[in-house]
Structures are given as structure tokens and as C-alpha cells.
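Single chain ahead, by itself, as C-alpha cells, in the form predicted on its own.
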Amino acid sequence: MAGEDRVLAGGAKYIDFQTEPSRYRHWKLAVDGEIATLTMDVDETGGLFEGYQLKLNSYDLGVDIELADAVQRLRFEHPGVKVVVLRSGKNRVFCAGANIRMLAGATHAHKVNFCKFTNETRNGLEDSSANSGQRFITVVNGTAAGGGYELALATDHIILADDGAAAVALPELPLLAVLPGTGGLTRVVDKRKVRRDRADYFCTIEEGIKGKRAVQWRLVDEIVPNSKLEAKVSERARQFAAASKRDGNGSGISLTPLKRNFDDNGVRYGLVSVDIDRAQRIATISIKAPDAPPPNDIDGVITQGASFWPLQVARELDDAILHLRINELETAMLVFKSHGDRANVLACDALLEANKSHWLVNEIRQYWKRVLKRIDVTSRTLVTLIEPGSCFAGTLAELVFAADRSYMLIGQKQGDNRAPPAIELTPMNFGPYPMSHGLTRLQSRFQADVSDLDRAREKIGEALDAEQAEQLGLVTFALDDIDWDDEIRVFLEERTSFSPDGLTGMEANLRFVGPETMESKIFSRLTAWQNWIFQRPNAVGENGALLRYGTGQKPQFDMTRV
């Protein structure tokens, strides 16, 4: 099942983010030509942890792991699908949102990572609609409360049953003394353009809003009586399919299971390895370049399928980041390294650029964008070390620009006969991989002077040594062999000695230079406040709303405004 526990030699249990449809416990995926249906039918007994039941289609991380997997498979395995209908498999309820007992009993770290992953999954729906042409329709047949309504908000069109009972609600504030944690507030006003005063009312009532008012206030798109609901859903799906820009000719490719080997010191994939030094609290992520050039054409890419180097690396890196986020909480720092033939990495980039209009290449590029975004919002210090034998070029060079610090060796190390390291830019560094706020990492890096960005662009295709990279502003420091070991050691020791809370706040503030978008607001403004509120006694204290919910006792609040 999704989120199943993996027990390592040391006895630790790890939540697994890998699953596939035959193992789903909470979702059913059906495909009929251009239209797919994702039915939410949560197994009450299928929670990740003990102590709660997932009643009324409420969810925990395991439910969302399955949803994320389904959306990913729809993009890669079903290129002909143009519309996805989300609906409930239960009568008179769509989704009651995140399970309250789970939230009340979870650690703060789990709540934060749960909300972050759920946000990324919701953003993935919108990304699929915008960039893959798979439009999403939600059918609300009963109550859509909290995270249930937030799921609907992430789709393109919401159809609400007009039966006097079905309603949408964001009752977290009055019921639980917290906020909708997966984009609800932001999407209500920024995406659906609900008036602020109406949104204020809506977010402070428990019962939600139904019928004509829900349409008038833009909370849903249309209401339909139950007798006409199925006909309307079918009509809307056909309309959306006709207007879709998705052009996925032929068969999809199978996202075969990742080959992984877990041990007490890390994870080994085919092209990515994770080595964890628990004493130092550092995880080193090493990426291997392809051993051979990529196929000559798109047919060769399709033949390779999930083993095509850019796709395999993206999947392995994505899984590694999620594993480290939620299962290795004491890890303070992620250090990125790479090794192999830079020419083969560049050849893959060239193939992706030349065939970017093909549906599969588009999906691979979009997936890399999402993986890099996931790295951007990961609460660990990010460091990239560019050493002899590394291959930080094009797509992989984004890991240099995503880092909080990057160090590049000048020349060679004594006794090392490998060529001095070089960075090489490609068109992939100048558009395909924007951050959550809409800018590329180089645009964000060179906010002070756009001419710095132009100078970097002029170097596309050139192998840049450490001194050139430092002069262009592509790395933080270029160090020679004499200083390298000591400088790196001092930095790592100092960094891991700082407060994790202070570092998380500092890094999150510094990484997103420039404007805001709805997506960046969800990860900054909303997530920051939600995380803070989830630590306050009014929510999680002994007499707080989360613990007293359902007991018949009213919560006791500290009425001081902070």
C-alpha cells in the first residue's frame, strides 16, 4: 500500500512514497478514452498510523501518496487522457479533509511535511492542467470540508450537487483553531477571486455554503440537481476534452517500480545514491551521468521508457528527497555531487530541447521542474560541491543554482588525474525550470543586474572552469586544492551547529528572490503561518481545539493576540 512501512536493519521504520494502482487502498483509477475518473473511496482502516480511522473520506499522508502517484501515471502512462473527473465513492460526502485525530496525534514535523507534500500534490493538478492539457473536474456530491474542499479548489471546475445538503466549507478556524493548510485561503481569493469580505465569512463558519450562494460567491462553478448530475458531468467532460491542448498520440510509457536498496547508511538507486552521515547530520546525494549518449530520436526515447536517463534520474531524485524529508528528520544538510561524462548529460539536454513539443519530452521537462521545486522548498541546507569528475551541466547545473552555497574546485586535487571540474550552461537553464515564484533560478540569482543574466546566457555551450564560474556569479566560492578540504570542513561544521529553526526561516526567506505567485504564497505566507499555529497551545495544547474536538468540551484559548 502507499506509505507502507519499511523496516531497516537498525529497526527504524520508513514511510515509502512508492506505490502503483494495484496497491491503492483509497483511490480507484478508471480510464475511458479521453476521460479518466479518479474515485476517492478511503479505507477507514488504512491509516499510516494507529489511533484513528479515516472516516468520511478523511485522509492522511498515505491517501495523498496514492493521489500523487495516480496524477503522475495519468501524465506518463495515459497520453490520450484529456480530462480527469475527481469524485467520491461514498454517499453524501465528498471528502471531510485531513483526519483530525491524525493531526492531533502527529508530531509537528509530520504535520509540516504532510501539509507540504499535500500542497505539492495539489499544485501538481494545476501544473498538469496548465502544461499537459489534462483538465480536472470535481464532482461534489455531499460535504467537501477543509482539505476536501481544498482538493476541489486545485481543479479547474467544481460541480456541486444541488440537493439541499451538499456544501463546501473551510471550517478549520472555528472548529480546530488552525488554518486550511493546503492552499485553501489563497486559492479562494487568488484563484477563484472570491471577495475578501465574503471569504472572511466563509472561513469563519462551520456549516459551509451550498446551493445558489456557493455559485454567486464563486466558491463553485455550477450546481446541478442529482437527477441531472451524471449527464452534466459527462457533458462538461466532453467540452473540456474538446478544448484540451493535449496531443498525446500513441501509447504511454510504464512507470516501472524504482530499484532501490535501503540500508542503515542510506539508499542506493540505479543512478542516484544517498549516503547519510548521522554523526555529522549530512546526507550526500550523488548523481551519475549516463554511460552512453541518448537515443537519436524520440522513438528511441519511447523504447527506453522509464529507463531513459533524464526520467530515471528525476524519479530517483524525487523519491530520495521525499525519503530524506520525512524519514531522516535529523539530517541538517543535503550535499549534491555528480560524476560521469558531461557530454552525455549535454546530449540528453539537447534531445529534450529539440523535441520539446512531443508529449513525452514535455512531461519529462515538466517533471524535472517539479522535482527542482520540491528541492527548493525542502527544509534542509542545500550545498553543491563541484569537484573533478562532476557533470553539472544544463539540467544538472540547476542543482548548483538551487543551492544555498556552492563550492567549486580550481584545477585538480593532488594525486587526482581526473580533469578539472567545469560547469556548462544550456537553454535548459534559461526557461524550462521556473521556481514557484515564476522566475528561473538564474533570473532570481541575478535580480540586481539583468546584464549578469545576459552574460551567463552568452556562455551557453562553453565549459566554464571554477574561476570563470565564480566571476560570472554561478558559484559562491572557487577554492584551490590547498584550501578546499579545510574550507568545506569548517563550513559544514559551522552550518550543522546552528539552530534548525533559525536556518529553516533564513533559507526560506533567501531562496525566493523576486515576485510572488499564488504558488509561492501557498508555500511561504500560508505554510509559514500554518506551521506556527500548529505549535500554539490554542490548537495543540492540552486544552486546545484539536485535542478537544469531538469530546464535548470547549477548547480553552489564551486570548492574547500575538
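Please read all numbers here as calculations on a predicted model, not as lab measurements. Quick note: we count residues from 1 along the sequence shown, nothing fancier.
One more form of this protein should be noted, the form predicted in complex with another copy of the chain, which is absent from this view; the next part is about it.
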Inset, instruction - May I ask whether Y14, T143 and L258 each come within 4.5 Å of another copy of the chain in the predicted complex, counting any non-hydrogen atom? - result: no
Legend entry - Stretch in contact, per heavy atom within 4.5 angstroms of another copy of the chain in the predicted complex, of 153-161, 306-314, 416-424, 103-111: 103-111
Inset, instruction - Mark K228 yes when one of its heavy atoms lies within 4.5 Å of a heavy atom of another copy of the chain in the predicted complex, and no otherwise. - result: no
Legend entry - I298: touches another copy of the chain in the predicted complex, heavy atom cutoff 4.5 angstroms: no
Inset, instruction - Although another copy of the chain is absent from this view, report whether R489 comes within 4.5 Å of it in the predicted complex, heavy atoms only. - result: no
Inset, instruction - Examine F401 and determine whether its closest non-hydrogen atom to another copy of the chain in the predicted complex is within 4.5 angstroms. - result: yes
Legend entry - The single option of F262, F430, F477, W484 touching another copy of the chain in the predicted complex, heavy atom within 4.5 Å: F477
Inset, instruction - Quick one: name the residues from 37-66 with any non-hydrogen atom within 4.5 angstroms of another copy of the chain in the predicted complex. - result: none
